[in-house]
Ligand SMILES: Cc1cc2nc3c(=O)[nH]c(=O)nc-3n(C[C@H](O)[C@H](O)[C@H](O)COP(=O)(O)OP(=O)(O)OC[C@H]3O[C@@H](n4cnc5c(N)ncnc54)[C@H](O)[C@@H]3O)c2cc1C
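The form predicted alone is given below as one chain in structure tokens.
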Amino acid sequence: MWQLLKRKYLLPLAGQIPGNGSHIFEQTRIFDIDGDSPYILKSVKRNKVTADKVIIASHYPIYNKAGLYTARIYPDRSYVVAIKAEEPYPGGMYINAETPSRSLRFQPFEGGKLILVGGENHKTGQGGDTTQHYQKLVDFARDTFTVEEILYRWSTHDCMTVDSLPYAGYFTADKQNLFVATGYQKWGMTNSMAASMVMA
């Protein structure tokens, strides 16, 4: 469901890109970059894309020859359960400041509102049994709402930086036409816009 929201957000942006030397190449997974302005981007299907400027905004950077981003970024996992409740959801989005973190938001669903309860984050691979994290969110939901049904559950990985600040700008100081945008600390929809404005 979250993927559908992101798609709804991204499709209008994608509609603005083609033209003036810009293109969208779907189904073209890049695994390496050669050259230096122009850059040659190599895809797994052995296709090549040539570009004067490159922004690596691939969640986890696919290119690491100079920036050592693999040593400065780690994946963090968090969880969501989607519930139907008897009482109406008050609207809005909420997140607490305490630990463990809990967030609430809603999604229109079958004439009503599906409540999304999120939290339980941990460094990927270090959280133990994942079912316990879902259960804690369910327990929180039942303490907060009169839960009728638990319809969905999923988890996500977000890139975190060692200093908690997103990386947005030159890939390295000497690469004036190669940029990176990642490490949004779970705030990708807003921080990606801020990163694009910084790089523009």
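Note that residue numbering begins at 1 and tracks the sequence as displayed. Nothing here was measured: the structure is a model prediction, and the numbers come from that model.
The same protein has a further form, the form predicted in complex with this ligand, not shown here; the description that follows concerns it.
- [ ] Look at the candidate spot formed by Ile17, Ala173 and Ala194 and say whether this ligand comes within 4.5 Å of a heavy atom in all three of them in the predicted bound form.
- [x] Looking in the predicted bound form, the three residues Ile17, Ala173 and Ala194 all stay beyond 4.5 Å of this ligand (heavy atoms).
Task: Ser22, heavy atom within 4.5 angstroms of this ligand in the predicted bound form - done: Because no heavy atom of Ser22 falls inside 4.5 Å of this ligand in the predicted bound form, the answer is no.
- [ ] Indicate whether Val80 is a 4.5 Å heavy atom neighbour of this ligand in the predicted bound form.
- [x] Looking in the predicted bound form, residue contacts with this ligand include Val80, since a heavy atom lies within 4.5 Å.
Open item on the list: Within 4.5 Å, heavy atoms only: does His122 come near this ligand in the predicted bound form?
Closed with: His122: no, not in contact with this ligand in the predicted bound form.
- [ ] Decide whether Ala57 counts as a contact residue for this ligand in the predicted bound form under a heavy atom distance cut-off of 4.5 Å.
- [x] Ala57: yes, in contact with this ligand in the predicted bound form.
- [ ] Answer with one of Thr144, Thr28, Ser37, Thr161: the residue that has a non-hydrogen atom within 4.5 Å of this ligand in the predicted bound form.
- [x] Answer to the contact question: Thr28.
TODO: Work out which of the listed stretches, 65 to 73, 29 to 37, 133 to 141, 161 to 169, brings a heavy atom within 4.5 angstroms of this ligand in the predicted bound form.
DONE: Only one stretch passes the 4.5 Å heavy-atom test: 29 to 37.
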